[in-house]
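Taken one at a time, structure 1 and structure 2 that follow are two forms of one protein chain, written as structure tokens.
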Structure 1
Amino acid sequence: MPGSLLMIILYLAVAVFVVGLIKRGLKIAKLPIHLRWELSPVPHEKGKASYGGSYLEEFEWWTKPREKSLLNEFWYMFLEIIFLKGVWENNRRMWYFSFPFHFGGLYLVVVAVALFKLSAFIGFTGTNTSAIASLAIGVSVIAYGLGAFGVIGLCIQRLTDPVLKPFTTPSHIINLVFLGSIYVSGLAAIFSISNYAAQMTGFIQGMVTFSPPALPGIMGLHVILASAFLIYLPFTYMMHFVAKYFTYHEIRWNDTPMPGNDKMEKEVGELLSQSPTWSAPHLKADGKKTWVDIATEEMDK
């Protein structure tokens, strides 16, 4: 397959993905401040997180220094992201497929791509990088193998498990099949092309110098499928890795009190001066009265 065509598709895909990622993140971040809705355990509570305690356990908590541990938050997220701790604890049956899919089909794929890039960049210096490239191949095989195992298992579960089935929509299956096709085409390319590592390294180098070599058909198909997935991804709920930052850090663990926080007070003041339009009779929100007006008016006696 012509290298330049593949290069254009891949650059385009990466651009769409990056723009989609930023847009998603900004869209969530730009939503207004919310009322406190924290949920224990909050891991940054130093000395208390292990049992779910918070600073509100302290006598006159506002007179005590806030002791936060970012390391605890990091550790919590590490276990959650890498090992899917929540799924392990609460949904073991799904974990057996979800974990290989996430760990292999996503994280190891990223590692494999990084290794190929490393091999390509070091290769520019004339150094022999066959060891790194071989490692990249090994990681790719494990990644695609685990990913394929995971998506097949998840597909079967989603289609047959009476608990999951009523909630399964065509998009769930298409997403999994799409990912599966990337893993299978990757494995097929690796096993059918004897110098896959050299071709991939050369292709990445060509992407940098804007003169990529042509790739064998199956490898080209693999690159196209991966690119198409990158373009598709920002339009799906699979971007939950972005959302997860907010659901944990900004909602579950956001326990910042308002007193003394001028910036927050100012923002809340502005939000309270908006005019809601709810139509229930006890509110009489006519689109002119503000939140403050409605909240401070007396109920008819």
Structure 2
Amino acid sequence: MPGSLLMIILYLAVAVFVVGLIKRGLKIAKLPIHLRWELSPVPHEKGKASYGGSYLEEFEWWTKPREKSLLNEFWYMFLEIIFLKGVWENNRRMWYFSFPFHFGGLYLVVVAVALFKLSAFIGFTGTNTSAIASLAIGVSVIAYGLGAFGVIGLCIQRLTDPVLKPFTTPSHIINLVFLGSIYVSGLAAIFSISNYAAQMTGFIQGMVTFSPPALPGIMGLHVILASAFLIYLPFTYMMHFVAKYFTYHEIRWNDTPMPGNDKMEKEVGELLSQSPTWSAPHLKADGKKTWVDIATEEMDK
């Protein structure tokens, strides 16, 4: 498959992904302030999160200084992102497939790509990088194998589990099959091409010098599938990894007191001054009364 064509497709895919990622991130960041959960414990509360406490238990808490532990917050995020702690605690059956899917099919794939890039860039100096390339191959096999296992398991669960089935949409299955095709094509390329590492390293070097070599058919297909997925990703719910940051830091963990926070007070005040038009009879919303009016007037029992 022509290397120049693959180069154009891959550069285009990366550009679309980066632009889409930034656009979705900014869109979420600009959304109105969310109703905070204010649940305890919050990992960054120093000295209180360990026993499930909160500064809210203290008298006139808003007047007292608070200590935060970024280390505790980082550790919680590490366990959640790498080991899917929340899935382990709340849906153990799903974790057995979701963990290999995420850890292998996503995280280890990134590691493998990084190793191939490292091998390619060091190769420009004339240094022998066979050891790095071999490591990249090993990581790739593990990553694609775990990813494929996770895809198969998640597809079966979503199609048969009485709890998951009602919430499974065609897009869930399409996304899993799409990713599965990348893993399978990657494994097929590795085991069918004897000099896969050299081919991949040479292609990456060619991407830098704008003169990539042609790739064998199955390897070219693998690159095209991966590129197509990068283009597709920003327009799907799989961008939840961006939304998750805001869900945790702005909703679950945002415990900043409003008194003395001019920016927050202004934003909340603007939202409370809006006039809802909901048809729920208990609100008596007529499009004129504000949220403050509705919240402070006596409701019919």
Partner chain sequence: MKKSQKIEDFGKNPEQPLTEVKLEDLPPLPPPYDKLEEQPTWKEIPEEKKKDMACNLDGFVGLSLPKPASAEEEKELVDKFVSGLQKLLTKENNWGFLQPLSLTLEYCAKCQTCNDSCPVYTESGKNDVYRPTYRAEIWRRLVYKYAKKSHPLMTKFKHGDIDLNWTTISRLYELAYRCTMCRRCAQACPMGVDNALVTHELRKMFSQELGWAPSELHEKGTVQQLKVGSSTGMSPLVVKDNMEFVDEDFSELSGLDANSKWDVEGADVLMLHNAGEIMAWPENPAAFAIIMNAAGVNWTLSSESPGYDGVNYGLFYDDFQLARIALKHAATAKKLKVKKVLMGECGHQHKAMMTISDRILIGDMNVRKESCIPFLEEIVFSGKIKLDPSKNDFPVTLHDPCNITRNLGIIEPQRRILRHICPQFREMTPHGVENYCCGGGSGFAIMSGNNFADWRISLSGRKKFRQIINAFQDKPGPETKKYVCAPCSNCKGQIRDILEYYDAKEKSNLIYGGLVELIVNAMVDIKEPFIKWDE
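The term rigid core refers to the maximal set of C-alpha atoms that superpose within 1.5 Å between the two forms. This one's a predicted model, so the numbers in the text were calculated from it and none came from an experiment. Numbering runs along the sequence of structure 1, starting at 1.
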Sort out for me whether 1 or 2 is the form predicted alone. 2
Under a superposition restricted to the rigid core, does L12 display a Cα displacement of 2 angstroms or more between structures 1 and 2? no
Is E38 among the residues whose Cα moves by 2 Å or more between structures 1 and 2 after superposition of the rigid core? yes
My question is whether E57 is one of the residues whose C-alpha shifts by 2 Å or more between structures 1 and 2, given a fit on the rigid core. yes
Superpose the two forms on the rigid core and tell me the Cα shift of T290 between structures 1 and 2 in angstrom. 6.7
Can you give the CA shift of P281 between structures 1 and 2, in Å, with the two forms fit on their core? 8.8
